[in-house]
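First comes one chain, alone, set out as structure tokens in the form predicted alone.
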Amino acid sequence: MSELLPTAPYRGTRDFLPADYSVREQVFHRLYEVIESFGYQRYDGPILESAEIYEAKSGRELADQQLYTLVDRGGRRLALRPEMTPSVARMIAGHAGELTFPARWYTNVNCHRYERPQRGRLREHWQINVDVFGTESAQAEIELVELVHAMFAALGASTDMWRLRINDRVLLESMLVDLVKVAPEQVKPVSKLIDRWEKLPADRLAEDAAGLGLSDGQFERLGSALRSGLALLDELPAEAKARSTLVPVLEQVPELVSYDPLIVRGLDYYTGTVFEIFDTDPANPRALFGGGRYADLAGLFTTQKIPGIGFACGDVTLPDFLATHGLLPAAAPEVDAAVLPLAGDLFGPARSVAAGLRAAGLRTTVSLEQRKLGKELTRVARAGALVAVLVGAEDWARGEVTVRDLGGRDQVTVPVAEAGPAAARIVRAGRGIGSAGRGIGSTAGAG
């Protein structure tokens, strides 16, 4: 006998059983509704892309260490997408002549990175991306900030549970060059040091800064600048602040953001505003959302200038946040109703009754095998059914069926045509749904 294959998924990936999938989809669909209410349209794209688009702009860490790559039979180097932004920039550039700008797009796709699996980070995850293309206006930043607030509100999260920390790479570069006196060619490596600032002890930061060529005085000025918060803006040249799209955000919606010079974002294509959203609970100190402005990412594919700004949130850190704050919804029940034939020759009539229940908007199953009634009632109740419709020989001969409330244990015999409405009333009452009823796929009452 051959050795059995393992049942566990590949390390860093997950199986989603129906209950897990239900929870995830409830969260996603709440977010979809909010995003679309702001006028964003959903799109999709291929999971395979040319490896070059990530090597050109996403940064060496991702390109050299995290890409899953392959060579197809034509000798082309491909990669499983590690993120969606380069792909959407390619799509926008390729169809720019057909689009009306600003273009508001969003998607939810699976992404792959070869990383060490840990809390909040896996090798495969699903990621909602929201982007605006074709505008340099700071109003795009403000719109996305407001959208993030609306998304968290839709999930039941109050503003004390999370914090939106925001910076601007224009201001960051000015701080380094004009205040810290870093050489222009050192801006990028020092920025990467700042990106690790909160993760490293002070002696390690000083050591790494020295390794980058910073003097003790420069390191001291850098630390002071990073701690100064909004006061830092008063020290920066007016020219840098005039080029910043963040300054209008801080002026117009200061209550929605927290200016933080420590926010850098690791991807190389960001050129302006950058931001991250953090859980404020010390039990889950991770970034939940992240994004920023990219002035020239579409320039990989077209000579037309198409600036963009966007953010992403994943299905690993976001559920951790919701669980930390007791906001994760319960899995939705599998079914609303079950039709049980009481004799072997009644499966046909049972399927006919089930069709009527489905027409009434109820998720309905029919028994596939003849079992004892008590066992079948227990089984369908465990699956979440609130009502069972019993199809017996004598009732069926009279054109009737029995509708049983599995919660209250009451039952009533009704004409076949009335089984759907009778069952729907029981389900609406049991799920706490109003008289308008529920449609297939609704998550009303779940959680």
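Here the structure is a predicted model, which is why all the values come from computation and not from measurement. Each residue number is its position in the shown sequence, starting from 1.
Form predicted together with the RNA: not shown, discussed below.
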query: Which of 43 to 51, 391 to 399, 416 to 424, 24 to 32 lines the interface with the RNA in the predicted complex (heavy atom within 4.5 Å); finding: 391 to 399
query: In the predicted complex, the residue from Arg104, Arg363, His149, Arg265 that sits within 4.5 Å of the RNA by heavy atoms; finding: Arg265
query: The single option of Leu122, Leu256, Ala93, Met161 touching the RNA in the predicted complex, heavy atom within 4.5 Å; finding: Leu122
query: Any non-hydrogen atom of Leu406 within 4.5 angstroms of the RNA in the predicted complex; finding: yes
query: Arg286 within 4.5 Å of the RNA in the predicted complex, heavy atoms; finding: yes
query: Contact label in the predicted complex: Glu173 to the RNA, heavy atom within 4.5 Å; finding: no
query: The RNA contact at Ala202 in the predicted complex, heavy atom, 4.5 Å; finding: no
query: Non-hydrogen atom within 4.5 angstroms of the RNA in the predicted complex for each of Glu115, Lys375 and Gln411; finding: yes
query: Partner contacts in the predicted complex for 155 to 177 (non-hydrogen atom within 4.5 angstroms of the RNA); finding: none
